[in-house]
Structure formats: C-alpha cells, structure tokens
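Presented as structure tokens, the chain that follows is alone, the form predicted on its own.
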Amino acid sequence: MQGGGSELNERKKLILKAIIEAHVKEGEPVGSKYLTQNKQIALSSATIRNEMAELESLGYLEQPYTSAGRVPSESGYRFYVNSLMQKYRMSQNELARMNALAKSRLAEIDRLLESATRLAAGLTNYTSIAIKPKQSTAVITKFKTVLLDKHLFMLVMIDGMGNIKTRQITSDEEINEETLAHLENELNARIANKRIDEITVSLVMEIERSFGEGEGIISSVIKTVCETLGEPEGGDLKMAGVNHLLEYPEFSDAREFKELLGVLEEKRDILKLVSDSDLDEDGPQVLIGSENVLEEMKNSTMVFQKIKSNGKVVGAIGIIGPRRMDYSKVISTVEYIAQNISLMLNSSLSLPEAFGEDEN
C-alpha cells in the first residue's frame, strides 16, 4: 500500500466511503450488488467489483473469506477518519440531552465527568470512559541513595504513607559515595515534601548550580522523581455502557472480551495510554486497532479528547467500541462534550452559558 490516499481517485474514494458506512451500519461484508443500490454510485456491478479489487490490493479493504464482499481494513478506517468522513450533525434531541447536563450545574469536575460518561454511552451505544487525573498531593518525604557501581546507583523514595519505591539510574559520569551523599542531602533539603507542581525549572537549575561537580546526574534524578510522583495509577477512570460491547459480534469471542474487560477494569493501561498521547493535541484523538498499542484492544477503536483548564489537562472523555464504529457521530459527541466542559472550566460562565443555552 502506498499510503496516504494519494493513489485513490474520486471514484475509489466514493466506493470506499460507501463500503465503510454500510459495514458500520450492517456489520456484514459489503458486495458490489449492495453498492449498485447506492444512488451516489452510478456504476455497473462489474466496474464496482474492479474498483473493490484495487482497493483491496492497495490495503484499504479486506475479504474475510472466498466469494464474500469486502470489509474495511485498519488502513481503510484510518483514511476514512482522516479524509472521507463528514462531520456528524447532532439531532435536536441529542443536543437537548447534552444541554440538560449543562443545566444540572454539577460544579465538581469528577461528578461532571461521571455524568458526561453516562451521557456519551447513551448517545453512541458504545462504552464511554472519563479520566480525571488525581490532583497531585503526593510527596516524597525521604530520599536514600545506594551506589551499585561507578555508573549506576539506586534511588530510594519513601512517601508520606511509608510506601517505598526504588529506581535504578545510570550516569554517564563516574559517581562515588561522596557524590551520592551530596545528592541525597540536596534532595532531602530541596525536594522532599514538595508536590510535583512545586518542582519548578528554576528550582532544578538552582540545585544544579549548587551541586558543582557531578551536576549532570541532577536532571535524570529529577525526571525520575517527577515520573514517580505523576504515575498514571494515581488517576481515576470512570466507565459507562460496558454492556454495549456485547451487542457487537466483534466482541462475541469470550476470551477476547474477557481480556478487553480486564484492561478496562485494571484501568492503569488505559490511563497510561491517554497520558502518553500528544499533550499538544487539542482535538479528538482516534486510535484504531493496533494503533492502541495494547494487544487486548487490537479489534477496538478508542476515541478521546483531553479536557483542559487554563492550558492544563484536567481530564479526558472518550469512547471505546469496535473498529466498525460510527466515527462521525462518536467524534462529534466526544468533541462537543470535551470542548464545552473546557469552556465552562476556563471561564466564569455558568454551565448553561458555556453550552450556549439561556438560563431560562
């Protein structure tokens, strides 16, 4: 496959779009006879079959078994989302349900996200998730260091609950007991009992200046400390509509469904998947099949959008379903909810005003 869709003419794009939308609706392979009933495709059955064969050879379609119609491949879905999909126009009923959420005046972000999750699951008929990063109140109360060899040492971190975490850190420069004793003193004097948002660039630079010889290890150590304080398991993930997955034949395999359910219940991998995504991406992010990284989600699609307040990510709203997803509707739903929650948080508007509704 050449990729990017540059090899597709308008006729191939039209046929690919029709196949994807038909497969999303019906859940079955799509054949040329079905497409001849599409008024927008004024082509013979033979011509359509030839075009479908070419789309398959280019990697946009797959044939599940001999003499069957075609289904979209992962690449086909990706091209559809990037280039063919029309923006979904929400119905008045759907908008009314979203605005009813706004009028409920749920001030707390966690309660708001919980309600938004139930709403998104109801509107899309897929499983919805909401993520709220735990406010970082965790601190490390004591640091210890242990020299392992001249280029490797262990950093021991003890938090306020007495939990102990250890990380091995490699140094390009040679280190000794004296250097580590100095490092330990600096960490306990300047970093201990500080939240992650209190560990600023200026503080790190100050430590580096005062450290003198061996200052090269400071950035690696501080990075490790911040990663430990901000680990994704500290977040909270809420779900709604998990039962919707059972309505789709893609999840009929009991073993695969159990594995996917395990990922959702464990939460940690989903939290990490979202937290590792592009922080600069403001719009919906779409992970199709193997793009999810998680093996358990190879037959699933995840659409999510981060919610920001004053430039800081305070949560995310998302949808999980089969690769055969109504992308246009899901993306519009996620985008609408996330944007309006962000608008409400970033302004002095009341919730109804943020959602564009009158108070009365």
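Heads up: residue numbers just count along the shown sequence, starting at 1. Predicted, not measured: the structure shown is a model, and the values here were computed from it.
FYI, the form predicted in complex with the DNA isn't displayed, but the following is about it.
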| query | finding |
| --- | --- |
| Contact residue in the predicted bound form, from Ile331, Leu58, Met302, Val30 (heavy atom within 4.5 Å of the DNA) | Val30 |
| The DNA in the predicted bound form: contacting segment from 331 to 339, 48 to 56, 318 to 326, 293 to 301, heavy atom within 4.5 Å | 48 to 56 |
| Candidate site Val146, Arg167 and Gly216: all three near the DNA in the predicted bound form by heavy atom within 4.5 Å | no |
| Ser309, heavy atom within 4.5 angstroms of the DNA in the predicted bound form | no |
| Contact of Leu43 with the DNA in the predicted bound form (heavy atom, 4.5 Å) | yes |
| Heavy atom of Arg11 within 4.5 Å of the DNA in the predicted bound form | yes |
| Residue contact check: Asn38 to the DNA in the predicted bound form, 4.5 Å heavy atom | no |
